[in-house]
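Taking the form predicted on its own, here's one chain by itself in structure tokens.
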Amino acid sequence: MTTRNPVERLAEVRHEFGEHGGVNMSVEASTTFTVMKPGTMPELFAGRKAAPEGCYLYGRHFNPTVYQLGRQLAAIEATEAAYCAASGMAAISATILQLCNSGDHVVASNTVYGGTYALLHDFLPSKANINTTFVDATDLAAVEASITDKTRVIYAESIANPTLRVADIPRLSDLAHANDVQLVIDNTFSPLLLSPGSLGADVVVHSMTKFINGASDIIAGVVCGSTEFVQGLMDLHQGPLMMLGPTMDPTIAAKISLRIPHLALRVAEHARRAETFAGRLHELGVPVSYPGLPTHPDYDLMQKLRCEEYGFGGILTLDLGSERRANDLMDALQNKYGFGFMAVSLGYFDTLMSCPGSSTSSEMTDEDLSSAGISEGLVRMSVGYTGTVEQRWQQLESALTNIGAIRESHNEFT
């Protein structure tokens, strides 16, 4: 198990040159690839020659540009290999389908992205007879009690969307492996900050649409794991990525690759500002949740697991008590003060705000929303880094005062 800074690992695979010696890797736009001898092609189809070790077969199988981006993500996540897909949901779906067959079972955190919840709660049971038990992933006894002889996967998010609870990845890993189960961690909220592959996760997935890409202009995902697992995803007969075809375009891979070198700078600045705002909001008495606050239930765990150079993450939440007040705050922040945008997603250079109970977690039942602790007045903020810290703070404080959430004379939350 490696404990090196992920940027150090990344540096070791960044010495890739373009086809003609360019400092950036070339974009391989071919959908199909030639072989030098006729006998090579049957060997490729029979699996006796494995791409990408010198032989490529077809763009849906392996593409050199996409493969190189995968190497960078594998370095970041401390896994043997990785391969990129057209979206985060493609990566998650392919992972579950690779690890589970009809009749198998998943134990999942009861606080996950709404699309993941719908996949596990609705789609896979009806389409593939793969069923899921949702539990509080911070309650290890509950996780263990939910494991059956049909369980193949424990699934959690490193930092839960949107409650920001932190998964104890080493202990979940121990629990999974003691029961011959695979631990899958979605690390979308915390690239570089947390390194699940180093902490014991078998498979790490990302929606690279978010922090890794950073500009809200590209949809992409990645699966990181062992070489055997990644090659299995691309198997010509039963590989979910190969069979279902959520292929990443090589031009997209090249664009994301150019953003990886400044990922560390971006992640650190997102976190610096989020920690500053969270601390000031807490001092005002505003109900704020942030893993970098000592009042957060997982603060000590986060301190133990994180790579300290990158802070505590770029996302915080406020509980305004009601959906009306939450909407009033977001409306004022966007349309009066120019603080950020009312939009789903995260990891953008401007602040993005949403009310998860009626948006990104709306796939969940009312009962499951309540069980997960997602209230109707919860506002999720992905804190951006445009403007100055003081300018943005004045906007946020003024908006809270404007909607009557803070009594200006007493600095009390109401």
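What you are looking at is a predicted structure, and each value in this text was computed from that prediction instead of being measured. For every residue, the number given is its place in the sequence shown, counted from 1.
Missing here is the form predicted in complex with pyridoxal-5'-phosphate; even so, the following discussion is about that form.
- Proximity to pyridoxal-5'-phosphate in the model of the complex, defined as a heavy atom within 4.5 Å, holds among 89, 147, 252, 343 only for 89.
- Site annotation in the model of the complex: the residue of 161, 132, 110, 257 reaching within 4.5 Å of pyridoxal-5'-phosphate with a heavy atom is 161.
- This chain is displayed without pyridoxal-5'-phosphate, yet in the model of the complex the stretch 209-217 from 258-266, 312-320, 209-217, 276-284 comes within 4.5 Å of it by heavy atoms.
- Shown alone here, residue 188 lies within 4.5 Å of pyridoxal-5'-phosphate in the model of the complex, counting heavy atoms only.
- Taking the partner from elsewhere, residue 202 is found to have every heavy atom lying beyond 4.5 Å of pyridoxal-5'-phosphate in the model of the complex.
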